[in-house]
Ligand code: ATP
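The chain below stands alone, shown as structure tokens; this is the form predicted on its own.
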């Protein structure tokens, strides 16, 4: 089945850290791996969005960008089957962001619960730049530039997908001749004059684990909150982080609260039968040493991460005669993806501008 005949996916990550963590893996990455052969996949690194909180650390953003591509390759995402997209090199995204900003109310952007949570959790107060709320609109452009049917995300990003759906429907109604009573799933076939509307209305696909709690037990796993287990963490570091989880059990026969991160990690990373047995033993008041359970969970996580770490280490190796390597290899992967992505995004922009009566000429987009 050719990519052109497949339904399309767009999802991605923001390079605010040197790599990805377990929350990314169980929330989205493993879904991407499963869907690579069924969908025409575009995976985007939102490096421009990273400037909303790291504007003074441009070099860090660049290094993080390369690190995320290395993690994608290390977990098994295949640039031969999926396009790796660098946001800053897709000019249509910036133009669509500006156009979408004209049709979405400011107060709706500011009510976005994900945006409000990030402002609070990152302690931004009133100091965030104008670009911070603007990125919520930009995320709509990231997605709609590729006209996907599906967006695999974690639970915390679902509000952004709802906003994206609203933008797609509003655009189709204003400029595509789609009636305001047409159901979202029918928009792509309901344009004026028998033509398709510009944008299908994408659906979110939540991963196997909607929200993986961090080792602090308070917030979702996040680099900025220092509660994450990274895919590249060494085995000893992983076990140390697991050991740091507080269970707050008064005795060795006390139950383990379901809200405790160790409880969730037992369910997520141990085989189902073993997880059920441990949870039942806790509930029955049997004598259980948390350290033994943490060791078992840590070993399971390390078994998952071992091949990922090995592949990541190989990607860090410098180039050798006759073999690409290091950052140069990563940049080559990005270049190939950008070329494919620009072809799709420019087509989308042309369709959008034509619908808006802004199609006064053609342009050529290239990247060397």
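No experiment lies behind these values; they were computed from the predicted model shown. Positions refer to the first chain, counted from 1.
There is also a form predicted together with ligand ATP; it is not shown, and the following applies to it.
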Single option in 215, 99, 278, 153 placed near ligand ATP in the model of the complex, where near means a heavy atom within 4.5 Å: 153
Option touching ligand ATP, based on a heavy atom within 4.5 Å in the model of the complex, out of 88, 224, 247, 254: 224
4.5 Å heavy atom contact, residue 103 and ligand ATP in the model of the complex: no
Contact of residue 82 with ligand ATP in the model of the complex (heavy atom, 4.5 Å): no
Partner contact for residue 233 in the model of the complex: ligand ATP, 4.5 angstroms, heavy atom: no
4.5 Å heavy atom contact, residue 14 to ligand ATP in the model of the complex: yes
Residues 148, 201 and 348 all lining ligand ATP in the model of the complex, heavy atom within 4.5 Å: no
Interface stretch in the model of the complex with ligand ATP - options 118-126, 287-295, 91-99, 105-113, non-hydrogen atom within 4.5 Å: 118-126
